[in-house]
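Take a look at this single chain in structure tokens; it is the form predicted on its own.
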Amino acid sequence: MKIFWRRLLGKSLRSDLLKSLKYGVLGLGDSSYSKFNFAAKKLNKRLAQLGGKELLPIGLADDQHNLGIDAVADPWIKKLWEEIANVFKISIEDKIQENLIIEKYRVSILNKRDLYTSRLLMSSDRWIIRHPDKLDHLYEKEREVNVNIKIGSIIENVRTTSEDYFQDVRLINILLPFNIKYDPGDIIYIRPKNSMEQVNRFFKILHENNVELYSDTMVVITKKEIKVPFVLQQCLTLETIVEQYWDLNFKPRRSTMHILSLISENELEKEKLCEFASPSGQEELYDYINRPRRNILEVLADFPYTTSKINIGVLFEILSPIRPRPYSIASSSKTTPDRIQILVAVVEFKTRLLEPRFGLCSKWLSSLKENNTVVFWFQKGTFRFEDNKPMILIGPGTGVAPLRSFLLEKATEERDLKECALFFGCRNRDKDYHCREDFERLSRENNLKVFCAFSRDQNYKM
């Protein structure tokens, strides 16, 4: 990709180089980012500069839309086919069939007897398959190709809210493998896992629908249409993949419903899935999935006849990988160089569904005990502090985390915080005043000015 851009942006290229090219650009982006669809806009502009002719205006799909990228992508693709048919004098019906499942990977189930006979086997792609030992962290393997990946162990996992408070917030201490320099405002990315409760529920749904895939089923994934992710380039038990790779909290999208409709043989279920996969069914799909925050496991349970037709290959098409979660660092490397602290609000809420919804990562983090380990890496944050001038810091709730990092570091360097003022807000002084001891100590010993607003400590809201 770098080579493509470097050549395309070459200053020596003629302005009529692409005069015979007719093109269309569809960008897939997220408007919450400042450079929304930047690459698509840049590509569209450069192709025009080199003499290319637009078949149709650029499409800028936005994941923030209620209907996701489909809101723009669907009509844009439909218009694209109409333009192609017009230019090349063909029928729209001649386009590629959409009733085929194009699998990303070639997924094989190994014969357990053969695998236990020898600890080493050779796959069809000529790479060595080792007997799958129990993996504490699937993503630990990434350290072989990425030096930034680290593993830390839990020192302390303390609840900062009172036991009778409705929300569980944790201050988590992670012991680093060695002293690491990080700055206030930096981010830590953490690789979470599904809870064993969710993993067991996944296998229960499969078994209730006579799908013969088990926790100890041994799987090998090789390249078919796209490159296999590095962490999957090893023999793995299905339990490891389910617990650490697939996001069981994933909210299915239109493409998921389309794939399920292709394998469904039950008339009623197939009709409903086809409706969810159609452009006209997107409002109904939104009401079914997004409003109640229904996850993939609940969808599979709702369509039992279709679930009974699932195989290992289809699972890799309908399930999404777990994304790493970013957290603001709440500690200072100058006060605790061998450890890092994060302030985590455990996400749990109710929808119209009977079972409460929860955040995959925050729930997993809250369950960690002393000496449990986590896979993580650091990233420079966009929130930077200029400590050469007076500072007014405003951070309600867990938003105070990066401010705590800054104040701890500044107190270590300068001792005097008289030019810093912290405004902190929460509901109750004695229930959810996070890191209260730290701020009271900094106020007492380092002249930090602390102003608190407790919105529920009086008869009226503040």
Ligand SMILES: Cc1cc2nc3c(=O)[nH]c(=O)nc-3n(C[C@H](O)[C@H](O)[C@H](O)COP(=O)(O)O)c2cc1C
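Since we're looking at a predicted model, the values are computed, not measured. We call the rigid core whatever largest set of C-alpha positions still superposes within 1.5 Å between the two forms. Quick note: we count residues from 1 along the sequence shown, nothing fancier.
What comes next is about the form predicted together with this ligand, which does not appear here.
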With the cut-off set at 4.5 Å between non-hydrogen atoms, does L28 touch this ligand in the predicted bound form?
yes
Hey, in the predicted bound form, does E414 get a heavy atom within 4.5 angstroms of this ligand?
no
Is F423 close enough to this ligand in the predicted bound form to count, meaning some heavy atom within 4.5 Å?
no
Would D63 count as touching this ligand in the predicted bound form under a 4.5 Å heavy atom rule?
yes
Contact segment among 423-431, 49-57, 405-413, 34-42, judged by heavy atoms lying within 4.5 Å of this ligand in the predicted bound form:
34-42
Comparing between the shown form and the other one on the rigid core: C-alpha of A40 shifted by 2 Å or more?
yes
When you overlay the rigid core, is the Cα of L60 off by 2 Å or more between the shown form and the other one?
yes
Rigid-core frame, C-alpha of I69, shift of 2 angstroms or more between the shown form and the other one:
yes
